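In what follows, one protein chain appears twice in different forms, each by itself as structure tokens: structure 1 and structure 2.
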Structure 1
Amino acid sequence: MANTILILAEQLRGSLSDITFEMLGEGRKLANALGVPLYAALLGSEAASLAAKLGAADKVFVVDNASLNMAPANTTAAALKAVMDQAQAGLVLIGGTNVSMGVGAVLSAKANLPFVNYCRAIRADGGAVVLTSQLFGGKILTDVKLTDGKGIVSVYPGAFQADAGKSDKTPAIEKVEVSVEAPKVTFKKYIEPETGDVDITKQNVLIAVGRGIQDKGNVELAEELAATLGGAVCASRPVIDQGWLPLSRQVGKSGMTVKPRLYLALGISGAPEHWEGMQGSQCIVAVNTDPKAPIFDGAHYGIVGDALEFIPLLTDKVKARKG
């Protein structure tokens, strides 16, 4: 069984990422089940000020070194291995994001421990740890058992609730000196991407349209419904590829990951690539003419019908209720 569990707290531009709190929440449950401490590691010159926000951890190890700011995978993994040794950690959780990409595989080699990628679920089984990993974009789910509870795990973003990892407690903080070799690749600057007219990741209500919307003119129907419900319109990739909505409105593996309270999927088949980006929604309502559409397998409510007939009916009903 792992002596301790260690989480790599991910930060970007001075703020902790949601994946950090997702891992803290799930790590806390696992640590309690195994009866071991939960630690977090913060790397970089801007790390110290963020340590107090990691109250779900029993202790936070801080490596204050500018060479670790947006460092390449090899450099980050080397520093994390040093912290891992000091914390006597046998199980390490790392975010499966663009920021931390590659760190898990390198750390696995350095620590001589198995590496489990795309983890969506974690549970204790005695002293062992069972991880559910997704393959081929979520088409296959497989359970991996770490019999001694030791390994390196890359956690799929959005797999867990971020709020579960937030705490008002103040963790113990320990500064660690780590020898860091000058990285061969250095970070120069962050280029802010063009912002869209709406940030769909912040919306409580999303009206998502797919091929079933048929043509660009019908997007206006979805816009009216979204305005009536106080939400925004988003889309699956085919709609974006047609140029009917900007890229900032795309949901899915190659787009945005969203977790609204209501996700109304209109004319969307529910391909795994799209499902990846919206499966964390609290309530999913799907409308599709095909009763065998994959979207119905995960939707909380389903309507077999034409989205173009459904949209104006619902818009009128909502307006009448408000009126």
Structure 2
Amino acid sequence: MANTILILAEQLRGSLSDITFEMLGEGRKLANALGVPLYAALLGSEAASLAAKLGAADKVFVVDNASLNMAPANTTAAALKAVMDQAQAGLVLIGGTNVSMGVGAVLSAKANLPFVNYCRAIRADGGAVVLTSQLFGGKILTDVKLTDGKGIVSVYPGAFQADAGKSDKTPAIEKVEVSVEAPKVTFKKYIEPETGDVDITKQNVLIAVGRGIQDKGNVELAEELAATLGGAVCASRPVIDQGWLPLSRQVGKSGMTVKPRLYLALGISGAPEHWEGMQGSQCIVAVNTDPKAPIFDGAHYGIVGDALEFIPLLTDKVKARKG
């Protein structure tokens, strides 16, 4: 049996997500190295109109069925299994995003294949496929070898370049009829992002606070620094979950993606979920007590120390400098 590579093209509100192109670009390289075709699966009633954008794939399998719109993981996985069989796919790549989370695990149970999560690198090794995944908040990497090249892989968002998966070519399109059981879960409505007092995506300077800020009262220290530098305060997930700052200030996987000129990360360890939302910042400065915090691996400048002590000191120095 052939062992093709299949990608689940992810979409949200009628647009293809970046992860789709990230997987197409990397999938293309892998397919070329293994000498197998690369296919994409597009599910839902808007699938047909989006298929032409997936030219990096040799063929797009389209399942045009409204039951697959905003469908839960088990419904999506059932349809994807049918496409997988049709495409004779051995390796399936799925986005490790909030939208697609759950699909890969269910598919792996249905297909009785290994499921490897948090994948950041993929390479061919003869006929085998070696997957590199991150564990423990990015502090550890693991290599898993799929000796027969078969498995279901959840790809970490931002691990690969999206541009590599964009192509002007027109892919072959094959419609697949799949009988889809009506999902038990019903999508009711979108809840639009909270519009806060400040749009953190439009700031030149962001003072980002994490768990290291320790207390709600300390957010004021960051506010003062932000005011001095002409920016705003944003935060990583734990701070938002504590209710210390509103949801509109969250940076990361579920929150906002920001690209300010200065991102000053205070007491943020740099978990991959946070990194996803701020990696495009022009100048990243990190202050953390842990010299081995992953944030220092990606920041431009690093300071080992207690953010709480450092913030007022820096505020004073900046004020003095500005006169």
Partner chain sequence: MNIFVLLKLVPDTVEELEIAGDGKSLEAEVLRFKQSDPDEHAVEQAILLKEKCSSKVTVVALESPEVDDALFTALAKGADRAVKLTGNLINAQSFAAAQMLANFLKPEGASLPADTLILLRGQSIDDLEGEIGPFLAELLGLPYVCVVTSVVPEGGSVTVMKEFAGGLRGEFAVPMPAVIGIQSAEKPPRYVPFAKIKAIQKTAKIETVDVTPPDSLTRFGVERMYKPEAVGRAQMLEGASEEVADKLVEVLAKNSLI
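Bear in mind the structure is a predicted one, so any value in this text is a computation, not a measurement. The term rigid core refers to the most C-alpha atoms you can superpose between the two forms while keeping them within 1.5 Å. All residue numbers here refer to structure 1's sequence, counted from 1.
- The form predicted on its own appears here as structure 1.
- After superposition on the rigid core, displacement of the C-alpha of Pro183 between structure 1 and structure 2 stays below 2 Å.
- A displacement of less than 2 angstroms separates the C-alpha positions of Leu16 between structure 1 and structure 2, with the rigid core held in common.
- Taking the rigid core as fixed, one finds a CA shift for Asn117 smaller than 2 Å between structure 1 and structure 2.
- In the rigid-core superposition between structure 1 and structure 2, residue position Asp316 carries a C-alpha shift of 17.5 Å.
- Core-aligned Cα shift between structure 1 and structure 2 at Ile295: this is 4.5 Å.
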